[in-house]
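Consider the single chain below, provided in structure tokens and representing the form predicted on its own.
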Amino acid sequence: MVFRGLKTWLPSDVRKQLAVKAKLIDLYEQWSYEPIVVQSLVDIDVINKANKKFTDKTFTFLDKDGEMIALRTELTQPIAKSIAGRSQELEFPLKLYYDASVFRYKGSPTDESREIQQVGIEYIGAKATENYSDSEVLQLLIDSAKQFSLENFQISLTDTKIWEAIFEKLPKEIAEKAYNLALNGDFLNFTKLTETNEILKAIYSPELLRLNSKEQLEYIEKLLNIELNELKSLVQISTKIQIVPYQCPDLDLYTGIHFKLIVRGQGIHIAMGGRYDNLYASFGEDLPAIGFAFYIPRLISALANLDLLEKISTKESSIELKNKSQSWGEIYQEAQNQFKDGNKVLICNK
């Protein structure tokens, strides 16, 4: 029986996945991030407290003691609970990377996968203005894309302050309608809504979108009466960073900057992240944090579409050792000699 959204990967696919993950992990270790292994089974409160949007996508189970447990739907939340519970053992700021899968009962409209491979980083214990943590994470995301010779990409950047101000200034039903339209990409109806609302024009109007990033931010600051000094600083890191004020962060999770890595012409984003300074407090420890995750299947698909995948996942040829009446001990010794020279070996019959 084949279960929907679950797949066994064959060697040719696995080789691509390993090659892509290795490039990311090598980069993160160069930046002094350290590995963490995250448990697959989590308490249900880890999901319900930290990120309610996955409540209806969670695989849940009753164990033999009658306790409700779940397969992780994200990596950030179980990491937060573990680090918060053992913070006395650790030195901060703490830089971690992971290579693991998340499990969701429902896939996305474009991908029905229930198991999603991710590689990502967590920078824990530094506020946005400390240790240049936000700048480092954005630069690391850009460097991650460059590892694969990606050129036609952008980092779409916003701040939760923008939508928080909109919810503060508009009636709740109008703000929620605008947020959901933007979240679902329904810009036809979103535009109609902005035509009669000056506040919403601050984040989505033809005039605003024609401005450069600095002018956009100054316009938004003035209309919403907020300060976006950090965004002004971060857009100077790279021309790859663009302000997208109508981008919709999960306001239950994110508390500052929010960003996506988008490869033009490839549809949905291949990485996403942001700052979540309140997450650790929900697990009893006040630690600021920021991070991002790459969705490995999406990254591989984008690289394949751009003819960039074969450059990093080419299978090395093996040296054939044929048994021409030698003993298997002799064949094995010859294989050992080839291994010492760094060669791969395929042992076969005559």
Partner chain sequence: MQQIKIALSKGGLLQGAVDFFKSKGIELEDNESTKRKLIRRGIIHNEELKDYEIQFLLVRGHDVPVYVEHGAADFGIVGLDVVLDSQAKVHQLMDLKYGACDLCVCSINGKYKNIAEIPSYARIATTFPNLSKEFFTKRGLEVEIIKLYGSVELAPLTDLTDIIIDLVATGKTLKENGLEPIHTIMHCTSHLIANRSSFEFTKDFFNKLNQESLVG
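Residue numbers count along the first chain shown, from 1. Under this definition, the rigid core comprises the largest set of C-alpha atoms superposing within 1.5 Å between the forms. As the structure is a prediction and not an experimental result, all values here were calculated from the model.
There is also a form predicted together with its partner chain; it is not shown, and the following applies to it.
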Practice task
Look at the candidate spot formed by N152, N184 and L209 and say whether its partner chain comes within 4.5 Å of a heavy atom in all three of them in the predicted bound form.
Solution key: yes
Exercise for the section: With its partner chain left out here, work out from 77 to 85, 218 to 226, 162 to 170, 185 to 193 which stretch has heavy atoms within 4.5 Å of it in the predicted bound form. Expected result: 185 to 193
Problem - Partner contact for I174 in the predicted bound form: its partner chain, 4.5 angstroms, heavy atom - result: no
Practice task
Answer with yes or no whether V244 is in contact with its partner chain in the predicted bound form, where contact means some heavy atom within 4.5 Å.
Solution key: yes
Handout entry: Any non-hydrogen atom of T255 within 4.5 angstroms of its partner chain in the predicted bound form
Key = no
Practice task
May I ask you to state whether I268 is within 4.5 Å of its partner chain in the predicted bound form, using heavy atom distances?
Solution key: yes
Problem - The single option of S156, S133, S113, S144 touching its partner chain in the predicted bound form, heavy atom within 4.5 Å - result: S156
Problem - Interface residue in the predicted bound form among Y280, Y98, F148, Y204, criterion: non-hydrogen atom within 4.5 angstroms of its partner chain - result: Y204
Practice task
Return yes or no for N278: a CA shift of at least 2 Å between this form and the one not shown, with the rigid core superposed?
Solution key: no
Practice task
Determine, after fitting the two forms on their core, whether N180 shows a C-alpha shift of 2 Å or more between this form and the one not shown.
Solution key: yes
